[in-house]
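Just one chain is shown here, as structure tokens, and it is the form predicted on its own.
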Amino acid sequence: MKRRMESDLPKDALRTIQEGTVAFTYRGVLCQKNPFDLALYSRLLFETGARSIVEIGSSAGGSALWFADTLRCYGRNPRIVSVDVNPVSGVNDPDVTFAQGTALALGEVLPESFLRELPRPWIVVEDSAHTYEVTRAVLRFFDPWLEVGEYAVVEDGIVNDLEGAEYRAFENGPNRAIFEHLDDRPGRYEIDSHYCDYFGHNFTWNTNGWLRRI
């Protein structure tokens, strides 16, 4: 039986948390993460022993900085690779590589020779267009690369719960892509309820989106 897509967060709370999320900055750089997911990511990075994070969708670069700082706090030498169709400017960190490219053709910006050099374990973060087509493409691209115990985190399935035409335009893309990906690869992934439901059912913007390779 499939998990419910919806978050149990009340609609009024979703609205006000979203207002804060889209304005949230880290080290003065737009980051757009909410308190639930910052807490969940901090646990995930610690518990998995992650050393490399591949982020699809850089925005202004604040989340890549946060990932790098968090891994350094855990005593690791991180490798953060962040890909976006728009180049990131004015953000510099020795452990962060910003690359320009499209999520629909990741092989052009993340060639096999480059990926093979990234230290394990990995966390892949899909935080780009939030459409079905793009989310599916990202999950397909990384599927042969992810090893047992690593994660693909699909961000912003919460768009299906948020009110407003701008969110309806995504047509529930992240959730649809997640369930189709799982159906196509039975026994290969699990939705990790330890993260999805840590604060309550889908009390995360990444609804059903904490995917563990098994």
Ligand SMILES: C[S@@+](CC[C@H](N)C(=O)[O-])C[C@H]1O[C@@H](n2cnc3c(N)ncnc32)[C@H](O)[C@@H]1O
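These numbers were taken from a predicted model, which means no experiment stands behind them. Just count from 1 along the sequence shown to find any residue number.
One more form of this protein exists, namely the form predicted together with the ligand; it is left out here, but the text below deals with it.
- Mapping the unseen interface onto this chain, L71 falls outside it, with no heavy atom inside 4.5 Å of the ligand in the predicted complex.
- In the predicted complex, N175 stays away from the ligand, with no heavy atom inside 4.5 Å.
- Shown alone here, D37 lies farther than 4.5 Å from the ligand in the predicted complex, counting heavy atoms only.
- Proximity of G101 to the ligand in the predicted complex: non-hydrogen atoms within 4.5 Å are present.
- In short, of 89-97, 116-124, 102-110, 71-79 it is 102-110 that has heavy atoms within 4.5 Å of the ligand in the predicted complex.
- Between the ligand and the residues T48, S52, N160, S59, the one pair within 4.5 Å by heavy atoms in the predicted complex involves S59.
- Taken together, the three residues E150, I191 and N208 lack any non-hydrogen atom within 4.5 angstroms of the ligand in the predicted complex.
- Interface residues of 27-52, taken as those with a heavy atom within 4.5 Å of the ligand in the predicted complex (partner not displayed): L30, C31, Q32, K33, in sequence order.
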